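Below you will find one chain, with nothing else, as structure tokens; this is the form predicted on its own, and questions on how it binds or moves follow later.
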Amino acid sequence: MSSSQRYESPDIGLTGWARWIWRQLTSMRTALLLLLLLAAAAVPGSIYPQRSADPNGVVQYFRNNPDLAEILDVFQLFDVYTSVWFSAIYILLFASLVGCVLPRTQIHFDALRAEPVQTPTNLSRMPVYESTASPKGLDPVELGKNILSKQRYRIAQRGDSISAEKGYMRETGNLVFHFSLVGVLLAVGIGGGFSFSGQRVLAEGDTFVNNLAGFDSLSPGTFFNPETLAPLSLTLENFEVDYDFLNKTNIGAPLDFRATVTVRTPADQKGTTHLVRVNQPLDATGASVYLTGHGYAPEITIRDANGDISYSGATVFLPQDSKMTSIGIIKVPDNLPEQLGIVAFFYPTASELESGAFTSIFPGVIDPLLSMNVYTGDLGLDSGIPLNVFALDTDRLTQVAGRGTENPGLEIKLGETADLPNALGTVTFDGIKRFASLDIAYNPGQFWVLLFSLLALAGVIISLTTPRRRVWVKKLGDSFEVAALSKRDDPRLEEFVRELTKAIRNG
């Protein structure tokens, strides 16, 4: 043959490439790789706050790390579970599992209907082999058949030999596991499409109405329909915190949080009272209500120079440390000569530092104090741009009270009234309420995820504990042979063959 002769491989074409790609995708190795990749892809969802679960956390992250947050947002790291790359891995894993499991199911079904394989000609070549004299006056093949039948082996007798098989439940468990994984993926995908997660902050006495307008923020699934929201209302009656007073090294640490709520429905206008704790959510007509945060909501009244009320009510203050030093924003756009903005700090148990600043030394209310920095100007409420109620944009405001101004910041104790600068009016510290942050979540796929997860666990247990064996008993004149083969590692296979041989020899 000439050395210059060249071999040209045939062009497999588009169909051939598609078939090759499909075979690679549906291999078990690819399925395992995609499963590991999906687990790794979910890690950023536990590192960075997600808009679907913690929208305020995302806002805070943008405020603290504006440059980094912009980059992370480009890669959808604040929306991991709905991102393009996570969805691509999810869909590929689903296709891989389906393409891998279906052919194996057909093969397993055919194997269940088929008879045990023929007895090999040379049994001594099997991994486990025994040969001994036959019991006098008895047929070793018939004895072996009876023994294996009692152990629920499938048996086929051909002449002077039997072929027995057992352990098909091993592959059945394996298939149950993989079908359950597909079920989990479907339940998560479909359940997530019909699910929603909403957040609402309620001060004591406030009521949440279960409609779109009732949520502070809402993250609906793809197939979410507002009409499916159950007609109900939820009122926060009381919020209590138990603090540790006994352990000297742990004084002030919270021990328990309890939100007392009243749920009313069209069929029950009087309502039913429930307790919501951190690890004890409330089931309200299918949706679960979780307690995710708490804090103080001081009651503040602001009056203009004529004594008319410009602002009144409980204002949510966000905790800044474990001693519940909290910050709140007050915006008064009307009834004053100028729009008014206040950055206020609340100290449940106030203590003055050497620098003159205040801090809280205990999270409970013992000696409460409000301090306020006051701004006037344009609050930006008419710009048409959504504004964060927990932030004050001071770019178009002028500070008229607080550090760096002619007027000191306001310091108000409970029940006291202080004058606003520039004869703008007065501010009164009327009282203190607590607030609770509630997360209302609904996911119809949760039950199915649990069911398929339990089935997957059962499938794994069956697959790992069921031996897959083939056993042969063959008569040779005055002796007989016993041999066995296992599809996987079977540490008891040799012991089983010895016991079977002994049982046949002893008749």
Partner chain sequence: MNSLVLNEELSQLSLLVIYAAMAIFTLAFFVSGYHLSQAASTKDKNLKTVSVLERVALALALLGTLILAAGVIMRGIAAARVPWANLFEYSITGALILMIIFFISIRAKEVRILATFVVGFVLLVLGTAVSIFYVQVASLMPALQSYWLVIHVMVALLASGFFSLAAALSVAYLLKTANWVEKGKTKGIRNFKKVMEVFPTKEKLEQLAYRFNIVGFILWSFTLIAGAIWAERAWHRYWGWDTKEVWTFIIWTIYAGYLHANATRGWSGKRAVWLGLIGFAAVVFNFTFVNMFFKGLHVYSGL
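As the structure is a computational prediction, the values presented were derived from the model and not from experiment. In this text, the rigid core denotes the largest set of C-alpha atoms whose superposition between the two forms falls within 1.5 Å. Positions refer to the first chain, counted from 1.
Although it is not shown, the form predicted in complex with its partner chain is what the next lines describe.
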Pick from Phe390, Phe179, Tyr153, Phe257: which residue has any heavy atom within 4.5 angstroms of its partner chain in the predicted bound form? Phe257
Could you confirm whether Val188 comes within 4.5 Å of its partner chain in the predicted bound form, counting heavy atoms only? yes
Considering non-hydrogen atoms and a 4.5 Å limit, does its partner chain approach Phe75 in the predicted bound form? no
For Arg63, is any heavy atom within 4.5 Å of its partner chain in the predicted bound form, or not? no
Close approach of Ala69 to its partner chain in the predicted bound form, 4.5 Å, heavy atom: no
Thinking of its partner chain in the predicted bound form, which stretch from 116-124, 428-436, 279-287, 337-345 has heavy atoms inside 4.5 Å of it? 279-287
Thinking of Thr228, Thr325 and Leu397 as the candidate spot, does its partner chain come within 4.5 Å of a heavy atom on all of them in the predicted bound form? no
Only counting heavy atoms and a 4.5 Å limit, does any residue of 19-41 reach its partner chain in the predicted bound form, and if so which ones? Met28, Arg29, Leu32, Leu33, Leu35, Leu36, Leu38, Ala39
After fitting the core, Phe78 CA displacement of 2 Å or more between this form and the one not shown: yes
Please say whether, between this form and the one not shown, the C-alpha of Leu438 moves by 2 Å or more once the core is aligned. no
